[in-house]
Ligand SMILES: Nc1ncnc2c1ncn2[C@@H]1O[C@H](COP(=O)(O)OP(=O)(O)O)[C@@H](O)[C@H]1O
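First, one chain by itself: the form predicted alone, in structure tokens.
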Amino acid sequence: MSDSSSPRTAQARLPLAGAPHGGALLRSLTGLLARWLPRQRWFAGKGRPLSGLTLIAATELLPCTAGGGAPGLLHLLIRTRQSPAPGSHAPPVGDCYQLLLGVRDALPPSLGPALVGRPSEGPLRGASVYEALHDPRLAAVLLERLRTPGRLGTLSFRRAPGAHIPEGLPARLMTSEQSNSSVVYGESHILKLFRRVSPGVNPDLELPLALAAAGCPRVPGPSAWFEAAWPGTVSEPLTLGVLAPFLPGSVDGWQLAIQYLGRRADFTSAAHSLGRATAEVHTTLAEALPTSVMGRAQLEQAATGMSERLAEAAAAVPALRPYRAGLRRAFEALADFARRGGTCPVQRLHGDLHLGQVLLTPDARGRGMHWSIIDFEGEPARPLAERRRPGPVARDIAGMLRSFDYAAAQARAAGSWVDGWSRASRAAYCRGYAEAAGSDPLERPELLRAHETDKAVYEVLYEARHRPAWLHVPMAAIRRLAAAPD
């Protein structure tokens, strides 16, 4: 893919990574990014001092030249270096982030909140550098690149065969994202941009492609995507963004559950059909991609890993410490299940299934509403290789069961009836799953309890770091799970 479509290509080009003055670009942006990055919701390194930045790659999607009049668009891959938290003896850590920066001589007032800063030196000296996704004009450039497959620098744009992507769609940035960023184009497509990236196919591309090829109607298949090659290596490319059909008229499961709770309405029918939808996706994934079986050694290793995560979380969150002994019983029961000869099938999973990852959508055939499942990225805090690893379906089921508790917690002040609402919804979901899958997730209670406990521990750590006001929600589950009988 060339830049010949840009009216500004005749102007002097910005020195980028690998060019003689590529270091000048990074030096001019380092101070601005060091202040700006930790304030972003998708920045994963909160609580650890940012000690350095390395420019991995830089690509001009639109030329970034001073005095050009029109905005420029710069794509960066930046590796961070972070010192351990105060008092910790852990080694420094780092992540690779995808940044899309707009460049203008002067920033209009509407884009003021998106300002990153104004470099005082280097090739962008005096220009206004800002978060490009807030600029509909620059967000539209990404859509046009995805409509026209090809390469640009280290970036590669690909389009699914037969995908219809209209041109000229208005862009709007969604403001509810946490670990990523999403842009909606008109009412037909949505682009998810992964912020923290690493070599390897992101499961949010890999699994929907496999499900679409298998004809699963529960998951919208990707229309286009783009990725980057890691300079100077032969490693797998980094998945940077996925364009998928937007599902207008949909309501996500979280909003729906909150609406039902607000009316004190029974949710069991919706939960039952959601259980069936989950089982259909699991069944298709097991048919389309390799599966395996966990034996004694693997199950014992899984139980040990859960115990270690509990110890790490308790070290970081003091409120968790009084419940360690009770929570470990769930992991000990899983290890005992393995020692008694228990085994567990494993397959590719959603990886982060909850009510916010499912949509009640108008059926394309005019047969009412049906559940669609989205966002197959997995838990963003976990390494990519771990998120791509097959696992027990109990992990996804436990995530959804925890989500019913989260929803009920929003209405807990309204009375004790919400505990019954959550229990009934959880049971209906499991029944629906069992009917569609042909196997009941409650047949292996050790697996389900261990994974629900592990999920609750993860939630405690996440909420303590990112949303302290929500910490009481997983702590309620921690108290229940720690007190559960063997």
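Fair warning: this is a prediction, and the values are worked out from it, not measured in the lab. Residues carry their position along the shown sequence, with the first being 1.
Same protein, other form: the form predicted in complex with the ligand, not shown, and the subject of what follows.
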Task: The unique member of 174, 385, 265, 93 whose heavy atoms fall within 4.5 Å of the ligand in the predicted complex - done: 174
TODO: Could you tell me which one of 246, 230, 371, 260 places a heavy atom within 4.5 Å of the ligand in the predicted complex?
DONE: 246
- [ ] With the ligand left out here, work out from 97-105, 371-379, 288-296, 162-170 which stretch has heavy atoms within 4.5 Å of it in the predicted complex.
- [x] 371-379
Task: Triple contact flag 283, 426 and 436 to the ligand in the predicted complex, non-hydrogen atom at 4.5 angstroms - done: no
TODO: May I ask you to state whether residue 357 is within 4.5 Å of the ligand in the predicted complex, using heavy atom distances?
DONE: yes
Task: residue 190, heavy atom within 4.5 angstroms of the ligand in the predicted complex - done: yes
TODO: Answer with yes or no whether residue 304 is in contact with the ligand in the predicted complex, where contact means some heavy atom within 4.5 Å.
DONE: no
Task: residue 252: touches the ligand in the predicted complex, heavy atom cutoff 4.5 angstroms - done: yes
